[in-house]
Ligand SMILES: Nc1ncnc2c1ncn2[C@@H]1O[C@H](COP(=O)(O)OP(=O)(O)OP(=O)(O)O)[C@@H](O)[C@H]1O
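A single chain comes next, written as structure tokens; it is the form predicted alone.
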């Protein structure tokens, strides 16, 4: 019986940790076989602030996914975001060694040339994404290998993160007993699961509104050309409700979830529909019960200003695309807070673009079970891993330097070539 090709993704967010276990088919198709989630209390704005609580949440989510899938996992592809993430575009050029044909070696050389940029010691490269190649004077080439030419150029999108933040994230995963196969920027993963091939080919803006941050990615001609992380997310909506209604944060979160349920999506922000709250706290902290119901327009009046702030920050970030000579033509919303009523209409009004809500697509198995914006990143992690060859992904360790990398490579060699049974 052939060995199953199992891949696991781990979305470590501010509000929840989600583990997805998938099986890769013979032709690269992805089938979801296990899902596990756990509340997250150890992160703030996408960055680890409590190691123990983060490890506990990771372990709980992974254990749940393993029980559902019926298979153990030893390694995961981890999504990363947070205010420490930054990105920029870079250019590289090399002379082709053999002018009759551009080889894989030439492609690697030109990408390495584009990576030769000044990066502070406290930052680490997470992604180097080729946007397009130029062979002599022919631009817009996606795969130059095999073509003839004398000069090869490339424009790449480089994503970096703070070394300390990355090491803390990796350390949490390793303390949970797992190996980090690769770190993947969360909005890039979400693009993989949410955007159609046509949307990835156009100038499409993906807005992933998570618990602690709003992640942004812009695609054009099948490549990521711009990424950003905005430090405002769904938890800010909850904090506004807790303060505005004088209720505990946990009760405000439950209220927000009820407010975003599909059964009430037909109501607009201006309409009124009573939403009951079991109780309320006054300023002294005393608990009251059987208080008047909170009207829906009251909730809307609290939520709407925060939503406007998010989309205004996105609009400001998109202004950076002017220097790239690209104007977005459409927008896709995903993430948990995208399910709040009227988010789609509000985004369209502020950004001036056609907007739709994005659910993860193109995944078999339990795809219907996880067809929700809250799973966009986790599913995208396993899809991204499946779509990229093993040589482009590397094991990541909380340690740094030559010996830590060598140790992981030796461990992988033993795992792949020496049977354990």
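These numbers come from a predicted model, not from an experiment. Residue numbers count along the first chain shown, from 1.
Below, we refer to the form predicted together with the ligand, which is not included among the displayed structures.
For the chain shown alone, residue 75 is not a contact residue for the ligand in the predicted bound form, no non-hydrogen atom being within 4.5 angstroms. Among heavy atoms of residue 65, none comes within 4.5 Å of the ligand in the predicted bound form.
The shortest heavy atom separation between residue 213 and the ligand in the predicted bound form is within 4.5 Å. Contact annotation for residue 340: at least one heavy atom lies within 4.5 Å of the ligand in the predicted bound form.
With the ligand left out of view, the stretch that reaches within 4.5 Å of it through heavy atoms in the predicted bound form is, among 103-111, 319-327, 332-340, 121-129, 332-340. Although the partner is absent from the chain shown here, none of 10, 181 and 380 has a heavy atom within 4.5 Å of the ligand in the predicted bound form. Interface residue among 95, 163, 147, 257, judged by heavy atoms within 4.5 Å of the ligand in the predicted bound form: 257. Just one of 199, 253, 344, 240 comes within 4.5 Å of the ligand in the predicted bound form, counting any heavy atom, and that one is 253. Residues of 7-27 placing a heavy atom within 4.5 Å of the ligand in the predicted bound form, in sequence order: 11, 13, 14, 15, 16.
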